[in-house]
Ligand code: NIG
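One chain is shown next in structure tokens, namely the form predicted alone.
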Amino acid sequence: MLIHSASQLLTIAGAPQRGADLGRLGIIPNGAVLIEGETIAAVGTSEELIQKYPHESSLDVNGRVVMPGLVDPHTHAIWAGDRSAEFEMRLQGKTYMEIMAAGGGIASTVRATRAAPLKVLLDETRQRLRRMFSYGTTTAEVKTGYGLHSAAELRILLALLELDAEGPLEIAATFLGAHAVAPEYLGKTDEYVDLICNTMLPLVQQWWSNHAPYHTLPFVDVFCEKGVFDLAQSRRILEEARRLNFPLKIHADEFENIGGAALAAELGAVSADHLVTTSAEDIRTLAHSNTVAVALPCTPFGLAETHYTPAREILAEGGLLAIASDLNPGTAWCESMQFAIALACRYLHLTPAQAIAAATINAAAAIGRSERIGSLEPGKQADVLILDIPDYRHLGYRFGTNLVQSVIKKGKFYPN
């Protein structure tokens, strides 16, 4: 199919964008893109491609914006139940960590997710993935972490493999057994870390090789935070995961700066996420590595906090910055990366162009897939959005509505 007559075709071509380079959209006015099968075959002006491929079936988008599919590199999209009561508690003055210490928070969702039959887990998650897809997310990272024992975590991984195979949204799986201390190990965090390192990680590695031999290993993530897993415990989990050849991620510096971002850079993690309280020194360390800094603006918004990821400082140091939704039941039940872009413009002080690049090519880098997705270039996967807007700056400028007219995933057309 030849898609032509786009007011602006955003190619976002080239490598992930560092520092001051962020926001290079590679706009082709009156642009066109040719899709063959699941792959992008050519990009250029409509005049050039219509002349070169006169016999291709075509779609005239009538002056709309065409761009790569959005990539959401940090979600907790698979869970059962909800935490609406805790939302009300926060409005009454309780903090996230106070609710968590009282047995709410992640532990509440763990109880509901452990109890849910696999069909319920699949059905509830499928609805969220469909909403994400309708808002333009064509690939998303999804974490386990609401099981916190081996059988429950493997059941979540099985559900993720089924949902990925079902599509259309493509899933990059992450094992987050270190999301919180399992209820059975409260007050015994070191023993739970022993369980993760000695039992769960080897089990996941073997299970994955049996169930998904043609997929790369899932990421391994850890919630490195005071009151959850300290720096030494996080290091132990990630070093053991690295020894077993898992790619690494980390939740760092959401509430306190305890060194998680620098640890991510040292260990070669693909990304370090949250980074609200990261120190200037750790920002420099992170920015001088290949670890992507992932900002999650929906989370402080959901918590009614005033502090957000210091994106401008990360860019000033030459860092790789991405944005994500952090879709989860406790702090950010938001399926829309469009809304994450709008928040990034207002609270991370990014331009729309910077936020779009952070949600496409850089977000793809944050899940290790920038060679395949995140831009419109010949040879890449045909993940394309047609937006019902005349100018890309409406992304970020507008919020609370869906600007996606149609989604193309692996060359297949999905109208909204």
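Don't overthink the numbering: it's just position in the shown sequence, from 1. Owing to the predicted nature of the structure, the values given are computational and were not obtained by experimental measurement.
Unshown form predicted in complex with ligand NIG; subsequent notes refer to it.
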* Please check if Ala342 has a heavy atom lying within 4.5 Å of any heavy atom of ligand NIG in the model of the complex. => no
* Is Phe229 close to ligand NIG in the model of the complex, meaning a heavy atom pair under 4.5 Å apart or at it? -> no
* Check whether Phe175 has any heavy atom within 4.5 Å of a heavy atom of ligand NIG in the model of the complex, and answer yes or no. => no
* Asked: So in the model of the complex, does any heavy atom of Gly330 sit within 4.5 Å of ligand NIG?
  -> yes
* Hey, of 187-195, 152-160, 205-213, 247-255, which bit sits against ligand NIG in the model of the complex at 4.5 Å between non-hydrogen atoms? -> 247-255
* Structure fact -> When ligand NIG is considered in the model of the complex, the residues of 194-232 having a heavy atom within 4.5 Å of it are Phe223
